[in-house]
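Next up: just one chain, as structure tokens, the form predicted alone.
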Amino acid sequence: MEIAVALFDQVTALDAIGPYEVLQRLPDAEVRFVGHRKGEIRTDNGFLGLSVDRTFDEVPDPDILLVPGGIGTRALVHDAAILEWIRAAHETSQFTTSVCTGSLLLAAAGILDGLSATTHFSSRHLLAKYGAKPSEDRVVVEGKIITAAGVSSGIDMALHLAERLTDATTAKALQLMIEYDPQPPHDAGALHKVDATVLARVQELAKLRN
């Protein structure tokens, strides 16, 4: 089973690596990190480098397509190479998935027209611009398309996908293998759970990164 994870400059690392930690443990899984060209790309803050092992042309028809998000998606909604690859790969994929603003690329490629999809809360409004129906859900399933909200939700999406590909027992085993048992110190992981002061701090921190 060939799993293609798209990489590009200014990708959010956990969008790609979170699902990878789950999916690479599936029986017979072969994960390919694909992009415009082979070699290193830098993540959204520039601190971390990840490696593209295959070009888009070298992985035309993966069984599983995963498109992560990150600030780099803003330019890629106009990038013919990645959009054409998404469209072509989706035609034969068993599942087409995204994390965070990766769903904007699925939408820009035209495969979310009229479908519900999710993304990071700060970019949810942009989905409608490309013909999708924005959802506040953490994971949204539309046939063989699965979209996940921001960053950490990619792990949830991957576990859901793992169950679809195998069975519940295997998905639970994978969850235990990565000891995914979230117990954060604050219940602040969704927009509706925080007050205005937290949201203001989020905006301040985002400006510092940009």
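A quick note: this is a predicted structure, and the numbers were derived from the prediction, not measured. Each residue number is its position in the shown sequence, starting from 1.
The discussion below concerns the form predicted together with a further copy of the same chain, not included here.
Asks: Does any heavy atom of His160 come within 4.5 Å of a heavy atom of a further copy of the same chain in the model of the complex?
Replies: Contact check for His160: yes, within 4.5 Å of a further copy of the same chain in the model of the complex.
Asks: Contact between Arg138 and a further copy of the same chain in the model of the complex at 4.5 Å, heavy atoms?
Replies: Arg138: contacts a further copy of the same chain in the model of the complex.
Asks: Is Ala149 one of the residues lying within 4.5 Å of a further copy of the same chain in the model of the complex, judged by heavy atom distances?
Replies: Residue-level check for Ala149: yes, a contact with a further copy of the same chain.
Asks: Can you work out whether Phe121 and a further copy of the same chain are in contact in the model of the complex, taking contact to mean some heavy atom pair no more than 4.5 Å apart?
Replies: Taking the distances in the model of the complex, the answer for Phe121 is yes, it comes within 4.5 Å of a further copy of the same chain.
Asks: Which residues, if any, of 34 to 67 lie within 4.5 Å of a further copy of the same chain in the model of the complex when only heavy atoms count?
Replies: Stretch hits, in order: Glu40, Arg42, Thr43, Asp44, Asn45, Phe47, Leu48, Gly49, Leu50, Ser51, Asp53.
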